[in-house]
Ligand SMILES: Cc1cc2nc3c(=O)[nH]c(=O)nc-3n(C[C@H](O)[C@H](O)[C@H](O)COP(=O)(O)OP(=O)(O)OC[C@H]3O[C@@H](n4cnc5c(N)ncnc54)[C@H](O)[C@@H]3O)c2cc1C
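Next up: just one chain, as structure tokens, the form predicted on its own.
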Amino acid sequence: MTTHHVVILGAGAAGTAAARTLVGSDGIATTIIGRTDETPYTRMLIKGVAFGLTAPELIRLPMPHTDFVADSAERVDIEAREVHLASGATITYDSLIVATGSRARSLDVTVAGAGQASRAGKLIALHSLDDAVRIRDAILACAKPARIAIYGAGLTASETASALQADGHQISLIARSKIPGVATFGRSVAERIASDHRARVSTFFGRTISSIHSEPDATVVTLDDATNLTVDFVIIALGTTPLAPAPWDEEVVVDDRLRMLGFDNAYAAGGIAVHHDDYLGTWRIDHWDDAAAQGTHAAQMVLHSVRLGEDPGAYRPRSAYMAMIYGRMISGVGFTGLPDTGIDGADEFIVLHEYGDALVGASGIDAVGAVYQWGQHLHEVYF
């Protein structure tokens, strides 16, 4: 039997899930290419490292039993089916799955003082394990309740504000939107989370950062309305952007089966993938469980292409998330960034998200069981 070589770029949720799906299949050889000098880890657990609750080594991600190459992919030659690595090596493939994930969205280049503050360790993203260690060290260096500004108010930022406020730190939460988190939670849930933020921390919604001035003993953050905030350091949590090797311009566009548009035997999954389909339009989800589900689906597509598995069909987002924010359990399943089109439940707050004639997501507050029950009916025409 001829061996079909599948190369997976990325050793996060999507890449490892794809490899686990492929391992053990007759006639399939799998190689994962991780980043140079980076130990794979579970990104959803880095907040525990940042808050000092978890040691970095405890969130290492177990690798599937397959070939692993610690070398960064710099360029892919789709026509020749070659991956060119930072070390100068080249790896050929029969099928490719790009699962290189995302990078933290940074401050606008026009923000004065951002570069200096970053170099001084006063401006830190919360996206990678290295980021989490820097935040932990910055908190410890304060040797007292810290004054922390958080720029962003989505899922990661909201959890971070909640956890740090509970630990006694003084939090200033800045968001560009007057109702932050709508793209993640839906408007109804986002409005309630925003109300909880206002009750617990200092909020500056509908504002942007115009400059940062960093001194040894304090950092002054100036907002676009000339408000000055004196803090110890700033956490940036503005979401993510796709991270891909050349020849892609960041994002990798896929169809509803995670196939790269215009290329044979090439797929993308997870935070790198921007979906263009007739079902949800153009969309992207960047969280751990959905990335793993996409990785599994892409691997199933590979197996189907070489007649070693059934056609998995079109990918439909069904994964769940949970977050504890100020003592409330926020949960969601499926695609929850759409406008709210229905509220269900007398005792629990549940919001339904529809697209066309189908239920595509559900979210809620302190209603995990009910949200998950609705999750069993996603992508069904239910009325």
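Worth saying up front: this structure is predicted, and the values here are computed from it rather than measured. Quick note: we count residues from 1 along the sequence shown, nothing fancier.
Another form, the form predicted in complex with the named molecule, is not on view; read the next lines as being about it.
Heavy atoms within 4.5 Å of the named molecule in the model of the complex: which stretch among 350 to 358, 327 to 335, 310 to 318, 29 to 37? Every other range fails; the passing one is 29 to 37.
Among the candidates 280, 194, 126, 231, the residue which, in the model of the complex, approaches the named molecule to within 4.5 Å (heavy atoms): Contact with the named molecule in the model of the complex is made by 126 alone.
Which of 183, 78, 243, 120 has a heavy atom within 4.5 Å of the named molecule in the model of the complex? Residue within 4.5 Å of the partner: 243.
For the named molecule, considered in the model of the complex: do all three of 10, 13 and 159 come within 4.5 Å of it, counting heavy atoms only? Yes, each of 10, 13 and 159 comes within 4.5 Å of the named molecule in the model of the complex.
I'd like to check something about residue 95: if you look in the model of the complex, is any of its heavy atoms closer than or equal to 4.5 Å to a heavy atom of the named molecule? Looking in the model of the complex, residue contacts with the named molecule do not include residue 95, since no heavy atom lies within 4.5 Å.
In the model of the complex, does residue 58 have a heavy atom within 4.5 Å of the named molecule? Looking in the model of the complex, residue contacts with the named molecule do not include residue 58, since no heavy atom lies within 4.5 Å.
Consider residue 73 of the chain shown here, and say whether it contacts the named molecule in the model of the complex, taking contact as heavy atoms within 4.5 Å. Heavy-atom contact with the named molecule at 4.5 Å: present for residue 73.
Hey, in the model of the complex, does residue 152 get a heavy atom within 4.5 angstroms of the named molecule? Residue 152: no contact with the named molecule in the model of the complex.
Only counting heavy atoms and a 4.5 Å limit, does any residue of 89 to 110 reach the named molecule in the model of the complex, and if so which ones? Heavy-atom contacts within 4.5 Å come from 99, 100, 101.
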